[in-house]
Every structure is written in C-alpha cells, then in structure tokens.
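Below: one protein chain in two forms, given as structure tokens, structure 1 then structure 2.
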Structure 1
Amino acid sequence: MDNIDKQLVNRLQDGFPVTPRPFLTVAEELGLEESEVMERVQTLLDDGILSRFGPMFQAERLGGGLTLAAMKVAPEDYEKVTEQVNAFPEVAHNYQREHELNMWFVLATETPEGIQDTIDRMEEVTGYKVYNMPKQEEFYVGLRFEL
C-alpha cells in the first residue's frame, strides 16, 4: 500500500457519495483520476486489504438473528468443544479469550428464533451451558482504521 492507497482508504471509510459519478467526486477530492480511484479500489479488493466495498446493512433489520455468546469450557475439553461448536454453520467466528468464560462466538441465523434453537442444540451436543448475550442497545461508533 502506498500513500495514495492510504489516503484513499481513509477517505472511503468516511462514506461514499451517492451522486452520479461518485468515483469522480472522490478522485477530485484526492487529486486523482477517476479511473485510478476505481483501479486502486479493485486492487485493494484483489489483494485482500479490503474485504468489501459498498453499503453495510444493519443485520437485524434484514430479519435474521444475530448474537454474541460465550461458554465456560474446561481446558481439557477445549479442543473437542471447539470442534463441536465450529461445526455449527451458524457460528460466524469463534475466539478464545482470557477469562473464565473463555470461548466467545457470534451466531447468525436466518430468523430471530433460530438463535435459541441453535443454542439449545449446542448445549445438548457439548454438554456446556451457552451464555447468550444479545445486543440490547448499540451506541453509534464511527468505525475507522486510520492509516
């Protein structure tokens, strides 16, 4: 990533114009050619620096279920339970964290009811209690990684 890429990523994290020539708008702001902006975005996508370029939907508003869940897994069982939990396609990602509750994962389901159903099945398979911690309120954060 060169300095122009960094400027571009910083700029695009602030949002993308909804105007007929949005790449041109961004290009003019940064003193670039429209085609160069598009090419650079494509390269950043190809290189895996960006995973996506476009609008992000509010997941819950699309009608599905989304939650953060945790488990308190005994160290000797950790590998086994990890495999059992990760076998559920509803598990988005799963982190080991430093706490008594040591396994943390996000569940994403087609319907809101799917969350409890998944948790029930997971408790049955693993023999461990799943602590469901759904979002109650989201405070607005301007998510940004300054480069």
Structure 2
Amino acid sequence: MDNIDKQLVNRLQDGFPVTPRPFLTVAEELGLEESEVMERVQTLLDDGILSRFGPMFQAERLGGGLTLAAMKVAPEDYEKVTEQVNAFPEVAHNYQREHELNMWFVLATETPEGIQDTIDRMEEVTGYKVYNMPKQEEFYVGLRFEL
C-alpha cells in the first residue's frame, strides 16, 4: 500500500460523497483522476486489503434483519471457518477476538426470519454453534483506523 492508497483509505473512512460522480469528488479532493480512484479501490478489494466497499444500511428500517453473532472456533479450524463464514453474503463484518468466543460477525438479512435461517445454514456448513446476540439498543461509535 503506497501513500496514495493510504490517503484514499483514510478519505473513504470519512464517508463516500453522495454526488452524481462520487469517485470524481474523491479524486478531486486527493488530486487524482477519477479512473485512478476507481482502479485503486478495485485493486485494494482484489488484493484483500479492503474486505468490503459499499453502503451500509439499517437493515431493520428496510424490513430486514440484523444481528451480532459469535462462534467459539478451535484455533486449528479458524482459517477454514473464517472462509466458510465470509462466503455467506449475509456477513457484513467478521473479526477475530481474544476471547472464548473468538469469531464475531454481523449478519444482515432481507427479512428478520432470515437471521435464523442463515445461522442454521452456517452451523451446518461449519459444524460450529453460532451464538445469536440481537441488538437491543443502538449506539453510534464512529470507528476509524488512520493509516
């Protein structure tokens, strides 16, 4: 990752412009060409430096389901289970934790019932129990990782 990529990732963490040409807006802010910004974002995704680039919605307000889930995965299975879990399109984030429940992720589904269906399928694929911890109250934390 070069300095331009770092500037780009830092800029994208502040939000993506809601403009007719958002990549152009970001490009102008960083002194780049629109096509270069688009190519760099795609390369960061292709190289796995960015795991996700896209909008975030409050699924419940759109009639969907959203929950925090966790698993207790044996260290020797962790990489395999991570790939299995991340293959589900319903997984929005997946983080490793230093805790008995060492894998935490967010599930977002088109319907509230889709959460349990996804958990059932995930348990079948991985062989591990998924602990469902639905949201009781929402807080905004503005998490940002400066590069």
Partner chain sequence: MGTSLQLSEVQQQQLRQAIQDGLPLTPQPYQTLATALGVSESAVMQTLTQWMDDGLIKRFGLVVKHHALGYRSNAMVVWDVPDHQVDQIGQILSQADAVTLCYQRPRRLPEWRYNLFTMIHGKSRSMVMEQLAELIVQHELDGISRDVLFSYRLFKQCGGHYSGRSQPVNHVTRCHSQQTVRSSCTARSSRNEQSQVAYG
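The structure displayed is predicted, hence computed values, not measured ones. So that the term is clear: the rigid core is the largest set of C-alpha atoms that superpose within 1.5 Å between two forms. Throughout, residue numbering runs from 1 along the sequence of structure 1.
The form predicted alone is represented by structure 2; structure 1 is the other form.
Asp14 is among the residues whose C-alpha shifts by 2 Å or more between the two structures once the rigid core is aligned.
Once both forms are overlaid on the rigid core, the distance between the two CA positions of Val26 between the two structures is 2 angstroms or more.
Once you line up the core between the two structures, the Cα of Asp47 ends up 2 Å or more from where it was.
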